[in-house]
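In the structure tokens that follow, a single protein chain appears in two forms: structure 1, then structure 2.
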Structure 1
Amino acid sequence: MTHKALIVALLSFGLLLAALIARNGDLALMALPFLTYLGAGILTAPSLEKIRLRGTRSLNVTPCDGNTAIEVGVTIHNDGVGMVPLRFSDLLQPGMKVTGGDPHQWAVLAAGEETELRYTFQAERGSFRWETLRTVASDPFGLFESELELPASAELQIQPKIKRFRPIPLRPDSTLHSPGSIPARLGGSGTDFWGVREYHPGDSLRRLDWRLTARHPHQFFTKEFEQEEIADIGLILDARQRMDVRVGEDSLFEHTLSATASLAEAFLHQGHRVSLLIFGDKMTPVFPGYSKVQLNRILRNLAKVRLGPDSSRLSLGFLPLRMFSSRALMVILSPLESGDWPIFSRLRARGNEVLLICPDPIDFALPSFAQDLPGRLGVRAARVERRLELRKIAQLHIRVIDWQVDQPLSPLVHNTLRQARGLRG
């Protein structure tokens, strides 16, 4: 029974009561149209037992204006008997922006007839899943409604956009003993000359150093080359709600997430082992792995990330570091807040090398700040505070990239890692 039916019932009852009190038959007659209206609603109210509907959902994905446009179509077929007034509404999920059509529709379906609910939405990224179509069957006046969930399932995933990076010149302190592209400062089978040692039985004759062997009769020497191995990389994405800054439709978090996806792609493309931890109100780990399978796993998890409603008590200090090896190169992507720096000393104490990519929230939100004197002073104070914080972290021998998100990240990563290599070399 809806509010509408309640109002009509109360009015008809009120009129009958007034007729009794006033002893006026005409007032009772006035209640008759209200009662027939209500009666018609009761008589034509649909029964869920008799409604036989069938739904089929189709999705059509097309790229549009840098986003992805998805056309959703649900065909509803009436397999039952009789004419049913129906109201359909499809579930709108977070991240959907309806650009065409309507996810709500009214229809009257006779037996054997079908209708189609069609709308288009755009989304930057996300994981969308539909199980049912909400259907409300009612009498023609909408006095008595019956709700049913019509099965019409479909699933869709829009992965975050990836910007292709040039190969990143890594030179970590520790490497994994699998053939790769990073000189490991160990003799073995590589391409760069590393040194000469005494011949051991089993060494390939091709690698014999004939000149040295000629100078020392009765002794053989073998040339060694520098082994090239892969790196173990752990990516940490800060997905705490309060770390996000929004300026209009633009979100700092979305830039950070896109950078994480691009870095994962670049590292995996170079053959490294990559793991990911999405740190928000829910921790989402992607355990270490290689190749396209791992990239898909990472992108699938990044597509699903939603900033939690409340993560105010979460600090980076709660990071579960055990999932990362102490020899892994940790890449942390976070705008950081003042209490976050102790995690960096913890990481250094474990022996991890760390690269911090810190998207600049002050620069990002600059257009929304007041341009008067107090506003400008506030921005300056915030910048000084941030710079001091980053300097404190850099003093722990951590490479820090202060990233203004409108700048391309790839050259910054290249420069930072190249400088670090130069210092060591």
Structure 2
Amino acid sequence: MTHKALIVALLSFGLLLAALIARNGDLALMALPFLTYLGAGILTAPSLEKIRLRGTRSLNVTPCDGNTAIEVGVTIHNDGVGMVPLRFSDLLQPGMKVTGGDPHQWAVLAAGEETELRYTFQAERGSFRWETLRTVASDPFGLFESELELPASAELQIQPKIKRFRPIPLRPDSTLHSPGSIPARLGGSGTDFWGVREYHPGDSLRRLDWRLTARHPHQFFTKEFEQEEIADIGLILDARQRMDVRVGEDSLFEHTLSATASLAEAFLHQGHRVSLLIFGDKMTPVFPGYSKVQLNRILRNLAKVRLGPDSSRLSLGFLPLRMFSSRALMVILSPLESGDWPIFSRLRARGNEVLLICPDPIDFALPSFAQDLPGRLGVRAARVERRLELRKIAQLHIRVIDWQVDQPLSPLVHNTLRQARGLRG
């Protein structure tokens, strides 16, 4: 029974009660139209057993400036035998912004007829899943309603935006013994000359050093080239809710997540082995892998990340590092807080090389700060404290990128790694 039916029923019984108390037949006659109206609604109210509806959902994804536009269409067909007034309501999930159409619709379907619910929404990133369409069947007067969940399933995943990086000049201390693009400081097969050694049975004749052999007639010598191998890279994304800073609709975490996706694509495109750990209230590991299969696996997990209530006060010092090799280059993307620095001494003790990409929350939130003297002094003090923390981390021989997210990350990564490569010689 709807509110409308409840009001009609109260009016009817109120008039009847008043007629009995006043012993006035005119009041009883005044209640007759309301009772007739209520009775007609009861007689024409649909029964769930007689309703036969079938729903089919379709999704059409089209590119759009800034976001991705998705057109949702749900076709509802009446397989029953009677005319049914219906009201449809589709579920709006977090991250959806309706830009066209309406996810709520009224329709009256006769037997064999169909209608379509259609609307468009935009989303930057996310995993969206629909199972049912909320449907309410009622009598023609809207007095009595029956609610049912009409099966209409579909699933959609919008992956984070990837900004293309140029090939990243890596030169880690340790590599994996698989062919790749990084000089491994070991003799073997490659393109750059490494040295000369004595000939061993089975060596290719093409690699014989004929000039040196001519000087030593009774010996043969083989040229060696520097092996080129791949790196093992572990990405760690800080997804703690308290690390996010929002200015209007812009989110610091979304910039960090997009940078994680871009780095994963760049490293995997160069043939390296990449793993990922999403560290938050729930930890999501993506174990080491290669190629586009691994990239799709990483992007799917990044698309599902939601910053829920941060019930824990865990710091990065509690990171589970067992999924990463001690030879891996660790890339940590986090704004950091004061209790996070011990993780870097742990990583260095394990023997890992570390690159810290630290989005600057102070610069990001600067437009929302007060511009008076106390506000400027507060910003200045926060920046000094942040620089001291980053300097403490850099003293552990960790490469640190202090990233203002309105600046492109690719040149910063290239310059930092190229400088480290030059210092190593």
Partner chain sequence: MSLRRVLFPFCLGISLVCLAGGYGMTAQWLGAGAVLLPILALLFSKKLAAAWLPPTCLVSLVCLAAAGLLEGAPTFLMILGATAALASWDLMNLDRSMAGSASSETVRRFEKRHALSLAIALGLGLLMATSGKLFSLQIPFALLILLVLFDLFSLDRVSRYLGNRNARG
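Superpose the two forms; the largest set of C-alphas matching within 1.5 Å is the rigid core. Numbering runs along the sequence of structure 1, starting at 1. Just so it is clear, the model here is predicted, and its values are computed rather than measured.
Here, the chain labelled structure 2 is taken from the form predicted alone. Taking the rigid core as fixed, one finds a CA shift for I42 of 2 Å or more between structures 1 and 2. Relative to the superposed rigid core, the position of the CA of E131 differs between structures 1 and 2 by less than 2 Å. Residue displacement note: M283 has its CA displaced by under 2 Å between structures 1 and 2 (rigid core superposed). Structural comparison between structures 1 and 2 after rigid-core fitting shows the C-alpha of L109 displaced 2.8 Å.
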